[in-house]
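A single chain, nothing else alongside it, follows as structure tokens in the form predicted alone.
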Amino acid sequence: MAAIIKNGEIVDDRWLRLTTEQIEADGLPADGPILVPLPVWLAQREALLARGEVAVWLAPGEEPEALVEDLDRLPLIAIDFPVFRDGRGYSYARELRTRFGYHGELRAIGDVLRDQLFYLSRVGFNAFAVREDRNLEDALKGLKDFSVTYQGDTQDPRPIYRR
């Protein structure tokens, strides 16, 4: 079982991430928690909800607003970073936390590196599926790269001079 960083700890990842191609070729697994792409969620929402233990992942260019009506039903939303330099996921996370009030697990997936974790956590991510060729213990240290920030973030929006 793969491991991830969640809420500052290394934990087992019990979610199976599926692609549209995998679902079309093999169908959905009979049981177990699954993470499906947004287009699959939108096309099969009711059947997926009846199956249980389902979450959604967003690709770049897929707006989180598409999930607004379902946020209370989703225990996890993952946002894909196909390459580390694609920053759209930062905006999606902040929007989910501050504009739409999402309180579930928000996971960064894809090309996620240690140097990004501190900044990803500031926009609302609380879980990180770090690239497989990277050391999770080392990546965990990335959450503590800085002890003081000037600007507010999703957890404390006050700037430093108001704290």
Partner chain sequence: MYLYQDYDRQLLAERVAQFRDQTERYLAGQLSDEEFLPLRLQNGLYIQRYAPMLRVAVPYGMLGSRQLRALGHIARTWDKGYAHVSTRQNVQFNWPALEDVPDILAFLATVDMHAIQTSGNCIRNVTTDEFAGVAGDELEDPRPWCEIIRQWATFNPEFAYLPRKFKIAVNAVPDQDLALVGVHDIGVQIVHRDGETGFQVLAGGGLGRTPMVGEVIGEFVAWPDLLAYLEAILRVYNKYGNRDNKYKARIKILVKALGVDAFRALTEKEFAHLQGGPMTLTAEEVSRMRGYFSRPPYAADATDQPAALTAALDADAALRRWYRTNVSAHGQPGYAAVTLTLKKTGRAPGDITDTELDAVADLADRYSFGEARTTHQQNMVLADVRQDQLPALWQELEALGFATPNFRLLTDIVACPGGDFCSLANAKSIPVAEALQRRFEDLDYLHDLGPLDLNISGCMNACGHHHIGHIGILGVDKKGREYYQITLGGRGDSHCVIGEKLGPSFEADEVVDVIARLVDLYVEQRHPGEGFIDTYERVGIEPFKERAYGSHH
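Values in this document were obtained by computation on a predicted structure and should not be read as measured data. Numbering follows the first chain given and starts at 1.
This protein has a second form, the form predicted together with its partner chain, left out of what is shown; the following refers to that one.
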| property | result |
| --- | --- |
| Non-hydrogen atom contact R114 with its partner chain in the predicted bound form at 4.5 angstroms | yes |
| Partner contact for D31 in the predicted bound form: its partner chain, 4.5 angstroms, heavy atom | no |
| 4.5 Å heavy atom contact, Q151 to its partner chain in the predicted bound form | yes |
| Proximity of I160 to its partner chain in the predicted bound form, heavy atoms at 4.5 Å | yes |
| Options 102 to 110, 50 to 58, 35 to 43, 63 to 71; stretch whose heavy atom lies within 4.5 Å of its partner chain in the predicted bound form | 63 to 71 |
| In the predicted bound form, the residue from E21, D145, D12, E9 that sits within 4.5 Å of its partner chain by heavy atoms | D145 |
| Residues of stretch 80 to 98 in contact with its partner chain in the predicted bound form (4.5 Å, non-hydrogen atom) | F84, R85, D86, G87, R88, Y90, S91, Y92, R94, E95 |
